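Before any questions on binding or motion, here is one chain by itself as structure tokens, the form predicted on its own.
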């Protein structure tokens, strides 16, 4: 596989009345052609901001991608694109499945017009032809009776149907990379499985790379090729699915895995991570997870750890990996069979 996306030192800050929120702080990663990368972590850790920054979706908000950030997509420097080139880039090179289909779909437009709008803008085809193409796209995402569904409005469809409409819109111009931002949020378990099966099938048929943004490790275990764990706007561990679920080395990753309910577990047996994430308005000194880590050492509060490369695909940012650190056994429930 060849590298499709390369991100180096990505920093995204938001200017608010209270000060500057450092939402993403020096994130670097890549995506290969045809692979699925999952970004996992608690709410507010920077997953969605990182994903949206790849398309520079903060142009009209208080968000700012700092100049030292580098985003290279299929050999193109995304940060250097002007407004016209960026407009052409979105949708054709990277497609986005937004978190809430009800708010990302226009309630005043029919489904056919919304799906076809992307084709009209990027391919310059007339509306009639775009709507016909929309029928084929709805059929591709397995919406029954697509000839009639293109005439419907978002409020006339179920949550699962709306999510499929958003997927069809994102795939309309055959992008090389698809970003799925919490694609199964607010859907019941059965519909979640259907949406994930659809994404998996589309990936195999179209060869599209996928970035999956989620906090649900159960989904990740069955769907992703590679996983990066984010905390407080930083990547703390990254590896293949096997390495994260069976050989993880960061205490935060251990906590996430221990928080997954085991079969037959009672409420008293459920693990809960104590404390709260750091305030991103403040400058961070040391490891961002230090205040919540039960293995915290004095050095953790003073200096931010560098990445330790465990293998060609597995890296972890934790002082426990230092040769002078005490040996710590992986807690029960923080590794084992991939479910």
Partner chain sequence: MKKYVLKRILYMLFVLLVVTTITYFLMHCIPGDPLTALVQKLPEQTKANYYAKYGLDKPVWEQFLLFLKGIFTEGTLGESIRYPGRQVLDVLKKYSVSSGQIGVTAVAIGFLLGIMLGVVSALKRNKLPDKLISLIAILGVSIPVFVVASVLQFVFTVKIPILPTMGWGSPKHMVLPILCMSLSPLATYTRYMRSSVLDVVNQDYITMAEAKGMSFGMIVRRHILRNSILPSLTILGPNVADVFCGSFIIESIFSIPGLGGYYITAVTDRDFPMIIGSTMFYTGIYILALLIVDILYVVIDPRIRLSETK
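Numbering follows the first chain given and starts at 1. Everything numeric here is computed off the predicted structure, so don't read it as measured data.
Keep in mind that the form predicted together with the partner chain is not shown, yet the notes after this line are about it.
Residue contact check for residue 107: one or more of its heavy atoms lie within 4.5 Å of the partner chain in the predicted bound form.
When contacts are judged by a 4.5 Å heavy atom cut-off, residue 74 does not count as touching the partner chain in the predicted bound form. The partner chain is not drawn, but in the predicted bound form it has a heavy atom within 4.5 Å of residue 52.
For the chain shown alone, residue 145 is not a contact residue for the partner chain in the predicted bound form, no non-hydrogen atom being within 4.5 angstroms.
Segments offered: 227-235, 135-143, 120-128, 246-254. Contacting the partner chain in the predicted bound form at heavy atom distances within 4.5 Å is 120-128.
Only one of the listed residues (269, 103, 190, 158) places a non-hydrogen atom within 4.5 angstroms of the partner chain in the predicted bound form, and that residue is 103. Distance criterion of 4.5 Å from any heavy atom to the partner chain in the predicted bound form singles out 96 from the list 213, 150, 96, 199.
Contact annotation for 7-45: a single residue, 17, has a non-hydrogen atom within 4.5 angstroms of the partner chain in the predicted bound form.
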